[in-house]
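Structure 1 and structure 2, given next as structure tokens, are two forms of the same protein chain, each shown alone.
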Structure 1
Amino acid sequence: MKIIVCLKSCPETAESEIKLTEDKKDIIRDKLVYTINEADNYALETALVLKEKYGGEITLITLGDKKSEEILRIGFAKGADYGIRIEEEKEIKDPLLIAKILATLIKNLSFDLILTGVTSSDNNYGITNIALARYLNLPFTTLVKEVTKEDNFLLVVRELEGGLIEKRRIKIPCLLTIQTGIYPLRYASILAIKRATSKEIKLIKLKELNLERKENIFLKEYFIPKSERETIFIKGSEDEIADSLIKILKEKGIL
């Protein structure tokens, strides 16, 4: 199988103090550590498992600056074969444009399967992967938690709302978005990481793809949610408490 995995380099913000730029269009990133987007890490792990089971090769693709090559090298250290970095002149935030850029590159590549994470941990749109499938006119399915190959089809198990499970048969070539936790993540050895530093990464300048780069989705503003709490004690009989509760919920626009 020829597998393409789309990876994104994202800042680790879970245990960092987040500060906004003056125009509130971005966060201050100077002291943040970047790593593979968590959901994409599971897409990479799925590709490695499929390669071990059925053979083939894995090509990693990322869109970003020179620093984003680090995540490709982590992928090499784990067992990926090839890496491509699309260099952007400035950060693109429109998920549909990102999908179009990836599609323009991928349509000229040979592949059986494209794997992505469900969403990115920074913007959390969950749009790029589905748009990519549509631009490439590929069958796709989302929230995949199990994959097996059967002839020219993949048998996938999806996790739906409320704990429901769906089994689906999808024809190759196709695109799958992978649910976190599908497999335990492997760690790259120090020796493998050292070897990965010498591996070639193909660089493609965005202008080489010859496509219109107009963004139609714009980020208006970041804001840090306020932490607020209000406790109201309601006294009276059961009927009085119920009436008071309904009145409060209506006043707050919940009912």
Structure 2
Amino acid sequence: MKIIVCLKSCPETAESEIKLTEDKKDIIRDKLVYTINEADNYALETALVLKEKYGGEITLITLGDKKSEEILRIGFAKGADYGIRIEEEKEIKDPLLIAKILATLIKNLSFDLILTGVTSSDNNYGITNIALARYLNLPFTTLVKEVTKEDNFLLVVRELEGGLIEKRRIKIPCLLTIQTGIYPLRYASILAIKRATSKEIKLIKLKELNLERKENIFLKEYFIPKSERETIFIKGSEDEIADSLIKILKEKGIL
């Protein structure tokens, strides 16, 4: 199977404190670490598992600045074969435009399957993937948590609400968006990532794709959400905090 995986480089924010820039149009990024978007990492993992099972090759595609080549190298270190970066000088915010750019590139490539994450951990729009499928006129399935191949079809399990799952049979070529947790993630060693530095990354300039750069949605400003409750913060040494916590649990009749 020839598999294309679309990867986005995102800052790791789940465990770090986020602050806004003065004009509120961005978050302060200097101290954040960039890596493969969490859900995309599971898409990459799925591609690696499918390659091991059924053979084939994996091409990684990303849209971003020079720094985002790092995620392609992580992919190479894990077992991906080719990498393409579309050069993005200024961050594009409209997911439909991003999908159009990806589609313009991918329509000239040969592939059986496109894999992406369900959504990105930064903007969380969840639009680019399915829009890409439609621009390429491909059948699609979202929120995939199991996938196997059967002749010219894929059997997939997708996640619905409240612990319900749906089984589908989908014709190849197609696009799947992969849900987090589908497989345990493998880790790329620093050595393997270093070794991948020599691997060629194909560079495509946005201009070469001859697209009108028109965005229809704009981020006006960010703000920090208001607290819904007047949270009481327990402070002090670790000992003092533990004592206060026990006192609260006793008062509330839990201990």
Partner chain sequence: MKEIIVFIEHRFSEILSNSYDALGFAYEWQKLFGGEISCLVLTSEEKKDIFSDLKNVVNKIYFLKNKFLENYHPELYLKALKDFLKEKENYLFLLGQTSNAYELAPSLATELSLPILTDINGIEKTDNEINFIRYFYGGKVCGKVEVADIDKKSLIITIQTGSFQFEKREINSEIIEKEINLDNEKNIEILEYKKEETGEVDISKAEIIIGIGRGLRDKKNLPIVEELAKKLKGVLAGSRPAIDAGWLSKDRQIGSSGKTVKPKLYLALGISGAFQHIVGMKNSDLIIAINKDPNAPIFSISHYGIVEDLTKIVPTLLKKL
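Everything numeric here is computed off the predicted structure, so don't read it as measured data. Superpose the two forms; the largest set of C-alphas matching within 1.5 Å is the rigid core. Every residue number counts along structure 1's sequence, beginning with 1.
The form predicted together with the partner chain is represented by structure 2; structure 1 is the other form. When two forms of a protein are overlaid on their rigid core, residues whose CA moves 2 Å or more are considered shifted, and Val33 is not one of them between structures 1 and 2. With a cut-off of 2 Å and the rigid core superposed, Glu212 has a Cα displacement that falls short of the cut-off between structures 1 and 2.
After superposition on the rigid core, the Cα atom of Glu52 is displaced by less than 2 Å between structures 1 and 2. Once the two forms are overlaid on the core, Ile190 shows a Cα shift of 3.5 Å between structures 1 and 2.
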